[in-house]
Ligand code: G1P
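Starting off, we have a lone chain in the form predicted alone, written out as structure tokens.
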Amino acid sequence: MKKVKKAIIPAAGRGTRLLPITKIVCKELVPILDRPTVDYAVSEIQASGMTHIVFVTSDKEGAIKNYFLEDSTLKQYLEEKNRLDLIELLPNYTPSLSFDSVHQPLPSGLGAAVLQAQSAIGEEPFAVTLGDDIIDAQVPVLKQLTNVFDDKKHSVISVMEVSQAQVPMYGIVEGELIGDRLYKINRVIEKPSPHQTKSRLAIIGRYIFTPNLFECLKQTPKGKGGEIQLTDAVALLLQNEPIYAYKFKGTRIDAGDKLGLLKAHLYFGAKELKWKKELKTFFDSLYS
């Protein structure tokens, strides 16, 4: 099996949990501090050794892709103003990292978004990353997954333990623990009710798939919400080949809703040593 060199970032959703700002800005460009959420995803992809990213967007103009292209006019302006410090803040990815964009006019499920990118992926293994799942990890989560993939040669999904009350909010995997943090999956269920499973291993937005997933997506009927669910396609793939789950190491924040986005701002703000003391003083004053 080839090495994983391509990644898909689905970005055609309407971002309704973040309205009204997502009326004019796609949720992947909503910032956390001074970087759009999608920038965190792209940084993780590059740090994991991948070289080609496919954005699936509803935006024909390709605003997300354009963010990562060099703006020579802006760079020249900053050079003339001798603001080299600001130039360093601009996206600066290596030339070996290339970007592609495919258009999905209407969101119809995560599975449909992934299938939309098939022609750009071809017959290669690939990653899928959800941009609003922000995971701060010493070793990038996609790198953790590719390490498993390189060993097992089969699809691997990131998971984390959630509370029983949270189980109906996630795709859930059941499986057998076969190694350190590694499970061989027996069953996957999309947003089960509490009586449907005893597992609390929730699927989080990082995946490595074999290209066989695309054929399963083509056979997947609309599921919950009237959409093509990626979890349902994974269940079909599981009938034909092994799939693994890895309980990743890292701190995860769901930045897809307003409270999660606020938490992400505070988390990364507190990591900045120059702000940490002032933030603590500010919060102490609020709750004193």
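Numbers for residues come from their place in the sequence shown, where the first is 1. In this text the structure is predicted, and so the values were computed from the model without any measurement.
The next section is about a form of this same protein that is not shown, the form predicted together with the named molecule.
Participant: For the three residues V128, Q144 and Y246, which mark the spot I'm curious about, does each lie within 4.5 Å of the named molecule in the predicted complex through at least one heavy atom?
Facilitator: No, none of the three is in contact.
Participant: Indicate whether the named molecule has at least one heavy atom within 4.5 Å of a heavy atom of T57 in the predicted complex.
Facilitator: No.
Participant: Hey, in the predicted complex, does Q229 get a heavy atom within 4.5 angstroms of the named molecule?
Facilitator: Yes, Q229 lies within 4.5 Å of the named molecule in the predicted complex.
Participant: Should F149 be classed as touching the named molecule in the predicted complex when contacts are defined as heavy atoms within 4.5 Å?
Facilitator: It does not: once the named molecule is placed as it appears in the predicted complex, F149 has no heavy atom within 4.5 Å of it.
Participant: Quick check on H154: any heavy atom within 4.5 Å of the named molecule in the predicted complex?
Facilitator: Judged by the heavy-atom cut-off of 4.5 Å, H154 is well away from the named molecule in the predicted complex.
Participant: Which residue among K65, H52, R252, K263 has a heavy atom within 4.5 angstroms of the named molecule in the predicted complex?
Facilitator: That would be R252.
Participant: Of the options A137, I203, L182, A120, which one has a non-hydrogen atom that comes within 4.5 Å of the named molecule in the predicted complex?
Facilitator: Answer to the contact question: I203.
Participant: Any idea which of 210-218, 183-191, 120-128, 79-87 reaches within 4.5 Å of the named molecule in the predicted complex, heavy atoms considered?
Facilitator: In the other structure, the partner sits against 183-191.
Participant: For the stretch 139-176, I need every residue with any heavy atom inside 4.5 Å of the named molecule in the predicted complex, listed N to C.
Facilitator: Stretch hits, in order: Y170, G171.
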